[in-house]
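Alright, two takes on the same chain below, each alone as structure tokens: structure 1 and structure 2.
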Structure 1
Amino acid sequence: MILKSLYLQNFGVFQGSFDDNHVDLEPRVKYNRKRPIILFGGLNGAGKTTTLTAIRLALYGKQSLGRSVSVQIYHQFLVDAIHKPKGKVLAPNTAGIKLDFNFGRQGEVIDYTVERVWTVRGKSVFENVEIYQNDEHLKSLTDHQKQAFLNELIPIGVADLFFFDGEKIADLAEDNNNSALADAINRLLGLDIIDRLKADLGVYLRDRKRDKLPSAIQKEMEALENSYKSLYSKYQSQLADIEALRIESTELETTKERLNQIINDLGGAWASNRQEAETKEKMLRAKRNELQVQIRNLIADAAPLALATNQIAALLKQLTDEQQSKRQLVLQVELRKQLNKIQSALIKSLGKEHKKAIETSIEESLPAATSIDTNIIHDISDSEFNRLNHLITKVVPEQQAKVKALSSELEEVEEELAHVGLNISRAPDERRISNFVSELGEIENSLGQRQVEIKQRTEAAKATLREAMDSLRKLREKEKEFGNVTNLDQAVTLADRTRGLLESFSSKSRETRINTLEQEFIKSFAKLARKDDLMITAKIDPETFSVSLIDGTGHIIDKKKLSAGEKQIYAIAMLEALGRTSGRNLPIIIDTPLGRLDSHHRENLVKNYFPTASHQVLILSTDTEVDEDFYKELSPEISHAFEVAYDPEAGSSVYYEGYFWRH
């Protein structure tokens, strides 16, 4: 197969018609030699990957995006792929890709042209695919048939290995991609054809054998086969339904995410606990009122006296002093009374001549009577004093402490209230988001329904499969029962033997092919790897196709421990080996092949891989990947080169023939 020309119309960064964006991909003859390499150079974002995407899209349509991609996503991709011109009012609503290639079939080279054009009207996307075979329009095919026709030319699994992104191909080295590799190995080595042949012969044999059987048993077996066939096709359609449901539910998940995002943006997270916040606010308000009443009551009572602590202490001291002086005064008066009595009694009994001495000695024994220097200001009663003393020393400090405690509690409540109030004010009005919330509810509902349905249908499909297998088992038993007793003609005998032969051929061929593949891999790997990697060999399991790398000492290398660059080298070596072993002549397209590689690996790839990879090698690279030195190195193999240049003024890219430093 050779890719001949690629035409782009308003695709990605390329603006204009098919004639404006056209590249000639056919390898040219120079000095009597066909040169395989076509180089595409471009800076980041110029449109190199767009070129690869275009070729894959032309050939595989929806499948170029991946295995189970919904029509919706594919259409969105097509809409996004239409060129968006800079500064023009009217954007194009149509884009297209045209690819010319030829293909060798049974010794004949046939020219094909695929033209894929799509138009956006409103929200709908209309896609049209046309195929021309040797310039003859293949008219009678449906869209589905056209795609099937293209897939038959180059199966998509194979294409992944020939048209690849150098950065992503490293994934192939991961163990979890084993199934992709197994699929590719099976197809590329032609083992699938043997399996198909075996199956076909089985069908032929069964039919022939059945002809020989008594009609009653024939009928019975036919009925069994029909039941098997209908059950199996029912199972297949059930699987397809389940797949459709899966896609639907993925789409619902996406919508759900989007709605959640919208609701969050509107402050929905606050809304969900708005009611809770409002209840709390009510409770806090009640508590605040209660606290305020308590504080006000205390302030209406004795608490304010605490404001004048010093003055009141002074007052209390004055009152205490007054009480003391009054008590002393009373005491002195009482004492004087008693002494007077004693005095008169002494004078009476001792005689008047001692009067003087008695008076003097009594006066002398009296305490200093005038110790009372306190001014009596207030002159309150004892009981009054006791009441005030209790009030000032006990009640006021108690009430003051209470007010303080209540105040700090009130402060906390106020703070909490402010916080809750803030939350409430942040929460949007329920009505603003209620539409989205109810939509979300509906979506969650239908998502749940889908999931239940998927579960039920999976169960049903399993049951159908069991029934189908049951019919098949009965059919096989009948075949065994009657197969041996009937006389078989020569064709049947031969077919039967061939089947057995194919069986062993398949496994033998698998072994040899895998052996060859291993050898080819080691060869390719040796070319590409650095010197210190040279001892590595590969072992491929013929059953599971899992690849183990073995180092010089016989230990298995953990592929997870390989660096991204090493994985890339491993994957490219495996691809080259597969290509060689398969003998398929497919072009190779590599996007950014050298991005992750060190200088040694780069050099090996440029010297040893590109020139011999295929009869047509399209390399898409930046100026740093294939620089002047590499260009010189490759130049005997370069057929021609394109530069993809982005023009910021026009907002679009153009293909020029030439390379960065060669125009």
Structure 2
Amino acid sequence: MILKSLYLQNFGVFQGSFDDNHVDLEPRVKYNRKRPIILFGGLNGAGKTTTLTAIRLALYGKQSLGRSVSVQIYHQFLVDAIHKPKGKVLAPNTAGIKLDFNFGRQGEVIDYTVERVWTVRGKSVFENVEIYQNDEHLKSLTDHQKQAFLNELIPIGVADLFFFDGEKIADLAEDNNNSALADAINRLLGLDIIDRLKADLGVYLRDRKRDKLPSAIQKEMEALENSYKSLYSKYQSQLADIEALRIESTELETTKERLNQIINDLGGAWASNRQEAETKEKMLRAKRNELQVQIRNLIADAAPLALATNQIAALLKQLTDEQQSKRQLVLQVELRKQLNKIQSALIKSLGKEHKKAIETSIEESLPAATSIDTNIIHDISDSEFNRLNHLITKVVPEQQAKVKALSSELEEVEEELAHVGLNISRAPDERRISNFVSELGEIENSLGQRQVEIKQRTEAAKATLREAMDSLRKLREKEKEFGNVTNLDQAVTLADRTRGLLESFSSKSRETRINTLEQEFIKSFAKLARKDDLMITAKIDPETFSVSLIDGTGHIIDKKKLSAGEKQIYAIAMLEALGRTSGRNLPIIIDTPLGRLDSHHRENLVKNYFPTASHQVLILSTDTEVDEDFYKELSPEISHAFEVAYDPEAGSSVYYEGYFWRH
């Protein structure tokens, strides 16, 4: 296959008609040799990816966006893809893509042109696809048949691996269920054709063998087969309905996310908890009032005395000293009274002539008088002293501790009140978001109904499939019961033997091709990887097509741990190996080929992959990916180049032949 020309009409950043925007993609002959590389250079946003998108859209229409894309999403994509002219009131409502290519079928090279044009009228999108074969318009095909015709030429599953974004292709390394790789291996290596031929022979054999059976048995088997076909058709229809429901669910999910985003932008996250926040605020205010009353009561009592610790301590010392001084004075007075009584009694008993000696003896026996230097200021009673002492040493410290604890609790309540108040202030007026909340509720309700419906229909589909398989099982049992007693003609015998041979051939072919693919992968990976990765090999499971990477010590490498660049190298090596093993001559288009690669991988890709990747290689690159050095390296293989230049004044891009510094 050769891509010959691409034409764009008001598509993406390209303004104008097909005549204004077209590029020649066919490799040119220079110095008696056809060079494979057509290089597109452009800065980010200039229109390189638009070029790749245009080719995929021309060939695959809605499927170019993915397998489970609704018509609504596809039409919105087409609307968005129409060029938006800068500074013009009237915008075009029509856009289109035209692709010329040729394809080899049964030894003949046939020219094709596919033209896809769409027009927007109001909210409706009208798309028209026309196909020309050797300039003959294929008028008899319906829209569905036109797309099926294009898919037969280049299946979308295969094209995904030949027309790819260099950065996104690394996802192939993370394809855990191997669906993409398994589909590609089956199609590219021709294994699907063997399976299809084997199935066709099986149908032929069953029909011929059945012709030999008694009419009653034939009718019974026909009834079983009709039952199976009817049930299986019903099952397929149920699957289609389920898929449609899943697409609706996906669209509802998208709408739900959009509404959630709008509500969050309007402060909806705070609105949902507003009532709860207001209740909490009321509770906190009550608690704050209670704490404030308790603190005020304590402050009105003895707690403030704690503010004058030194003065209170001095007062207590003064009062204690005064009490001690007063006790000493009382003791001295009482002792003098008692001694006076003793002195009088002794003088009376011994006579006055001993008065002097008695007085001297008593005075000498008296203890030295204690000097009392405490100045009595307050002169309070013992009971008053005891009350004050208890107040200062017991009550004041306890109240001080309570005030401190209550103040801390009050501080926490105030802080929490401020936080709750902020949340309440963030919550929008319910009227601002009520419409969105109402719509969100309806969407969630619809989504829930769809999910329930999907579950119910899935169960119903499983039941239908079980019934279909039961009919098929009974049919096979009948075929087995009567198959060996029937006289078979030579054609049936040969077909039966051929089917067995195909079974064996399919197994051997699969094994051989997988082995070849493994060897080709090792060769490709070796020339693209860095030197320290050269010991890596690959092992492909022939049944599941899962690929295991094995290091030099025989251990399996976890592909999830590979860097983005390493995954890209792995994927490109696998694609090149698939291409060589299949022998399919398809062009390769790579957008952003070197974006995530280090300098070693870049150099290996430029030197060892691009020149030999295919007979036609379209590279869509920035000036920093394929720079002047890489351009010189690729120069002998470059057929021609285009620069995709964006004009900010015009608001559109134009193709120029040449490449950045080379015009």
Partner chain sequence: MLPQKMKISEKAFTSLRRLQNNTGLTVNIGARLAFFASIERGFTWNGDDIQLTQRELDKYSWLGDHGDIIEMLLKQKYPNLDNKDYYKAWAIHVDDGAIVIENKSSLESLM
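C-alpha atoms forming the largest set that superposes within 1.5 Å between two forms make up the rigid core. Residue numbering: sequential along structure 1, first residue numbered 1. Only a predicted model underlies this, so the values are computations on that prediction, with no experimental measurement involved.
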Which of these two, 1 or 2, is the form predicted on its own?
2
If I superpose the two forms on their rigid core, does the C-alpha of Gly421 end up displaced by 2 Å or more between structures 1 and 2?
yes
Once the core is aligned, please say if the CA of Glu384 is shifted by at least 2 angstroms between structures 1 and 2.
yes
With both forms fit on the core, is the shift of the CA atom of Ile556 between structures 1 and 2 2 Å or larger?
no
After superposing on the rigid core, what is the C-alpha displacement of Arg450 between structures 1 and 2, in Å?
2.3
After fitting the core, how far does the CA of Val333 move between structures 1 and 2, in Å?
30.7
